[in-house]
Structures are given as C-alpha cells and as structure tokens.
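First, one chain by itself in structure tokens, the form predicted on its own.
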Amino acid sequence: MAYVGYSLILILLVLAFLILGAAYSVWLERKVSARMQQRKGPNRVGPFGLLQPLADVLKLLIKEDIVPSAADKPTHFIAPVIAVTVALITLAVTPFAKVAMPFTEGTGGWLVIANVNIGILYVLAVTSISVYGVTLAGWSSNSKYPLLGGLRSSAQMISYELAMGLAVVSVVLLTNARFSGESGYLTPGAIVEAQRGAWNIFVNPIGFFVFVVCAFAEANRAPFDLVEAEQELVGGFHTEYSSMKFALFFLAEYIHIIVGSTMITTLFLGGYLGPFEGLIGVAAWPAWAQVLWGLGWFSVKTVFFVFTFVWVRWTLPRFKYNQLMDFGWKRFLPISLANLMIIAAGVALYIAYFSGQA
C-alpha cells in the first residue's frame, strides 16, 4: 500500500514537471530566439518575463472556442486530448535515479513510476500512437489544409520511425552484452546501468545521430515541422483549432521535446549517471545525496537537449517534403541497418572474447 502511495506522489511530481517544463520551454524558446535575433524577448510580465507562460495560458483560457460547422465534432474534440495524453504517459518508464530506499524496493532500486521489463518497447509503442492525434485533427476539421497536414504526419512517421527503431535496437544489443543484472535488457534502467563503463554516445555515435534527428521529426520540430508549415498550409493540422484545444496541441509539442530529450539522455548519455562516480564513491553516499546526484545529472542533460531543440529550430531552414522522404528512406534507413550490423558484429566479438577468457 505504501508503494502505491509513493507511486502516486511520483506520478503527480512527473506530471507537474512536464507541464511546468513545457510552459517554461516556451519561455526558453522565446528568450533564445530573441537573443539569436538580437531582440529582448519576454521581459514585461514578471522578472525576466518569467510570468509570460502564465499570461499566455490565461489568454488562451478566455478565448472563444470556435469549431467549424462542417467538422466532425467528437473527433475534433478528442484529437488534442489524444495528443497531450500520449505525450504525458511516455515518461512512466524513465528512471530518474537509482538508490536503495523504501519506495524503490518494488522497482529494482530505480526512481521510476513503473519498472516494466519491456519498458523501451512501451516507449516506442506510445510514441507511435501520437500520430493519431495529429491525423485525426487534420481529418476532423473537414478542411483541405489541415487534412494535408494530417496526411503528412502519417507519411512522415513511417519514414523516420523505421530508422529510429533500428537505432534503439542497436542500443538494446549493447545493453544485452554489457548488462548483467536481473532486470531485462529492454528496461530503460538496465540501458542506463549498462553505460557505467562508457556512454552509448561514444560506443554507438551513428545510432545517436540517427535517433536525435528522428526525435526532431517525432516532436514535429523544425526543420521537420512539415505538418504545420505555415508558409504552405496556413497552420497545418491545427489550423481550425482555437482556445484551449490549440493550447493542448501546443503543450503536447513541448512535452514531446522534453520527452525526446529524456529519451536521448537515457539511451545515449547515461541517464542519471554522472562522471567519475566510482572515484568519488557515490554508492556510499546517503540516499538523499544519491537522489540529488542522479536527478541533477539527468536534469542537466535533459535541459541541454531541450536547448538544442530550440537552437536547431532557429538555425536550420525547413526541409521540403520530398527531402524528408529522401532522408528517411534513402539515407537514414540504410545507415541504421548498416550501423545495426556493425554493432551486432562488435557485440558478437565482444561476447566471444570474454567467453574465451572465462
């Protein structure tokens, strides 16, 4: 019963982190883009404009909710709910730290909402569902520009998710070779623990690059924001949305940025692991210090990649639709397959070498 109570508290904390993080990711984006364009950005509402996200939410709350008369109203309503719900539940299997405490006994020692032995498959499955929110939004609006944006989202998902999946499989192979714990090698916590010797960004740099680029497409961020493309499609799939329904799509996009950053951190940057843990004896620290250490490094890495998402958006121009298809099918898919075969061969040699020594 106590474990359930701890889980509920952790769920509330993660939801608060995601919602507040998404709100202040918008603030960060406006500040960074202003600095890159030699402007000031938000600076009137609160110190340094820190209350600007609250003002934006209040503005959207009091706006009129307009629904096209020819729209499929139930689907039009449910589409943004699907988008934000899928974004929120993705972090359920992400480990934020590892420490021996009463409320981590049921999760193998990881500070995580749910430690399931197929956690990485859960993440891939849930992120695949997110396309339904965008596609249904475009179709239910009964308007040509949103429909084109929704159709683009489906084609875009197929083109990048194959390469993304292969990049994840290469990480799973490395985890299977290097992790010797009891949890399954499909567990995100096991993937992090397998990186104690070396982070996957150094062992699998090609997989890292492919996954990062695909994460941009997953979040519908520039230069892969073809489902919105205001110069071509007015506003894309959310053209016919206003008020809080539009805010939900906006919220979902920035939550996807945070979730994508946490997945990059978990799969390739060692998650909650910091440098020189063995030398400074982190394992012998008090439990609260280990939690702060893990959460601190996890947060620093995640915030860095959130900044990278913002940085790239205001640096690179949008790719054309045919260029995205070309990247996905003719470039990233062959590269991901070749990288997977190289990793598999390396893992086989690694296992053969150590089994021979034994």
Partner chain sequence: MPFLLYTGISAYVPLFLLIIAGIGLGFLLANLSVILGPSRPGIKKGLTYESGMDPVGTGHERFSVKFYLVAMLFILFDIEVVFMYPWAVQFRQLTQEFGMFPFWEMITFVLILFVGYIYMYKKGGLRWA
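On a predicted model such as this, the values are computed, not experimentally measured, just so you know. Positions refer to the first chain, counted from 1.
If you look for the form predicted together with its partner chain, you will not find it shown, but the lines that follow are about it.
What is the one choice in Arg152, His238, His256, Arg221 with a heavy atom within 4.5 Å of its partner chain in the predicted complex? The option sitting close enough to the partner is Arg152.
Q. Exactly one of Asn200, Thr262, Thr107, Ser130 has a non-hydrogen atom within 4.5 Å of its partner chain in the predicted complex; which residue is it?
A. So the residue touching its partner chain in the predicted complex, by this definition, is Thr107.
**Prompt:** Can any non-hydrogen atom of Arg35 be found within 4.5 angstroms of its partner chain in the predicted complex?
**Reply:** The answer is no: Arg35 has no heavy atom within 4.5 Å of its partner chain.
### Message
Test of understanding: in the predicted complex, would Leu333 fall inside 4.5 Å of its partner chain by heavy atoms?
### Response
Yes, Leu333 lies within 4.5 Å of its partner chain in the predicted complex.
Would Lys63 sit within 4.5 Å of its partner chain in the predicted complex, counting heavy atoms only? Lys63: yes, in contact with its partner chain in the predicted complex.
Using the partner position in the predicted complex, report whether Leu20 sits within 4.5 Å of its partner chain, counting heavy atoms only. Contact check for Leu20: no, nothing within 4.5 Å of its partner chain in the predicted complex.
For the interface check, one of 320 to 328, 23 to 31, 301 to 309, 44 to 52 should have non-hydrogen atoms within 4.5 Å of its partner chain in the predicted complex; which one?
Flagged stretch: 320 to 328.
Sequence-ordered residues of 135 to 168 touching its partner chain in the predicted complex, heavy atom within 4.5 Å: Result: Trp139, Ser141, Asn142, Ser143, Lys144, Tyr145, Leu147, Leu151, Arg152, Ala155, Ile158, Ser159, Glu161, Leu162, Gly165, Leu166, Val168.
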